[in-house]
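Just one chain is shown here, as structure tokens, and it is the form predicted alone.
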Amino acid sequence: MNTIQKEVILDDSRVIMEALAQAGADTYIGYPITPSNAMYLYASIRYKYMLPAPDEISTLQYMSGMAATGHLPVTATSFPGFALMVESINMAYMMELPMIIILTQRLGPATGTATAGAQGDIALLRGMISGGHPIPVVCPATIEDCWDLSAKALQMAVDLRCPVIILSSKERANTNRNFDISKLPPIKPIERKYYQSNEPFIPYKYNDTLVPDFLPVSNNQHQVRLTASTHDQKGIIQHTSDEAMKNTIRLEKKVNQYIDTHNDYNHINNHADTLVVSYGITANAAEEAVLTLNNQGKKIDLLIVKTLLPIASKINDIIHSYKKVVFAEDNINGQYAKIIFGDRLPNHVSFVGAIGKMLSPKEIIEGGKF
């Protein structure tokens, strides 16, 4: 079947927001902040419910309320706003409420420079849940990723009853590109399954998936208890009872178990000894650098990680199978490399970074010392 091409000028912001809407996200709640404003604007005309919030703390509180009633809320922000959201994201994590938070990275620390891009928030995301529990983070590297990964992120949020973060950056979110949108297939809305039984609803009772059934508080049959403090399966606040501790441990296990079977990456495998690892906006430069090196007769493999956190077993297996590994990231401290290998990188692992500008293919080639 012939498909009619439809070239348009678009950016990742609109692609992510449209993908989420088609997948079933029906609510946008937010406080405007650069460089996420294009998402706020598009959501205001696309989403069924649009609720401007007075600040970022209120944003997450409103989102939790909407999620509790069965809606699928979305917000977009950058570090200064995200920092205010962290406690409430922890609350939603503990209450097991599905939602999407888009974090558009910009240069820090603090308010930094709102219109300069960066990849400096990965280390924050790794440890943002008190107790070190993992929160799922996906990171698109192409427009196609923005389409597919955003829909998968929403499915993940529903399947896990958990907030999921889509990690972007200023350049990816705001750069206009020519693109044939006929390449983006329609997205089928997520089918949500709710608890259906006449037996009393136990809000945190789980099965082998480690994920409890969900039931909106707006149902007219059962009491639904959502609890942000340590609790048992009934949602009753506990101190450190065995049941409550098992429930807290389950929160970690359910995410790790899911990510090990639902993770996205692109591994260009020429059976080389050297691997370049990258993600997000830097993946484009890394891909060009590897192509250049291969054209020069140097055999180099490439791994673009799209499900960034928690690190899936498959990602670890790939990275640890190489004799030489070079990470390419738009930060100056090799955040993703250190998440995988620790503060002291082994001798066979190196890092090429940049600050205040995008990393170029030439810099990756020169810095990687291939």
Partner chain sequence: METKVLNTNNLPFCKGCGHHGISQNTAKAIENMGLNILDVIFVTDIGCHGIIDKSLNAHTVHGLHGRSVALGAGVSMGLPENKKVIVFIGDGGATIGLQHILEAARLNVNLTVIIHNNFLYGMTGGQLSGLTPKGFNTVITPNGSPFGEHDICELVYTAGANYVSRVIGIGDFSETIQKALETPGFSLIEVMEICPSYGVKFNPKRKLQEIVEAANKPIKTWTNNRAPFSFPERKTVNNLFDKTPVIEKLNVEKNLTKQIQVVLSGSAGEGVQLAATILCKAAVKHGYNITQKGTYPVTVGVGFSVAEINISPNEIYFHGLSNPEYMIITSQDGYEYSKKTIQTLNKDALLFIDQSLPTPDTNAHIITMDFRGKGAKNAVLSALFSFAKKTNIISTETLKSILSEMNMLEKFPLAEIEKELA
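Positions refer to the first chain, counted from 1. Values in this document were obtained by computation on a predicted structure and should not be read as measured data.
Not on display, but discussed next: the form predicted together with its partner chain.
Participant: Could you spot which one of 223, 209, 248, 241 gets a heavy atom to within 4.5 Å of its partner chain in the model of the complex?
Facilitator: Of the candidates 223, 209, 248, 241, 223 is the one lying within 4.5 Å of its partner chain in the model of the complex.
Participant: Which of these residues, 236, 124, 83, 202, gets a heavy atom within 4.5 Å of its partner chain in the model of the complex?
Facilitator: Of the listed residues, the single hit is 236.
Participant: Within 4.5 angstroms, counting heavy atoms, which one of the listed stretches 160 to 168, 88 to 96, 126 to 134, 190 to 198 is next to its partner chain in the model of the complex?
Facilitator: Stretch 88 to 96 is the one.
Participant: So in the model of the complex, is its partner chain close enough to residue 288 to count as touching (4.5 Å, heavy atoms)?
Facilitator: Yes, residue 288 is a contact residue.
Participant: Although the partner isn't part of this model, could you tell me whether residue 54 comes within 4.5 Å of its partner chain in the model of the complex, counting any heavy atom of the residue?
Facilitator: Yes, contact at 4.5 Å.
Participant: Consider residue 355 of the chain shown here, and say whether it contacts its partner chain in the model of the complex, taking contact as heavy atoms within 4.5 Å.
Facilitator: Close contact is absent here: in the model of the complex, residue 355 is far from its partner chain, nothing within 4.5 Å, heavy atoms only.
Participant: Does residue 339 make contact with its partner chain in the model of the complex, using a 4.5 Å heavy atom cut-off?
Facilitator: Contact with its partner chain, no.
Participant: From first to last in sequence, which residues of 14 to 49 have any non-hydrogen atom within 4.5 angstroms of its partner chain in the model of the complex?
Facilitator: Sequence-ordered list: 14, 15, 17, 18, 22, 42, 43, 44, 45, 46, 47, 48, 49.
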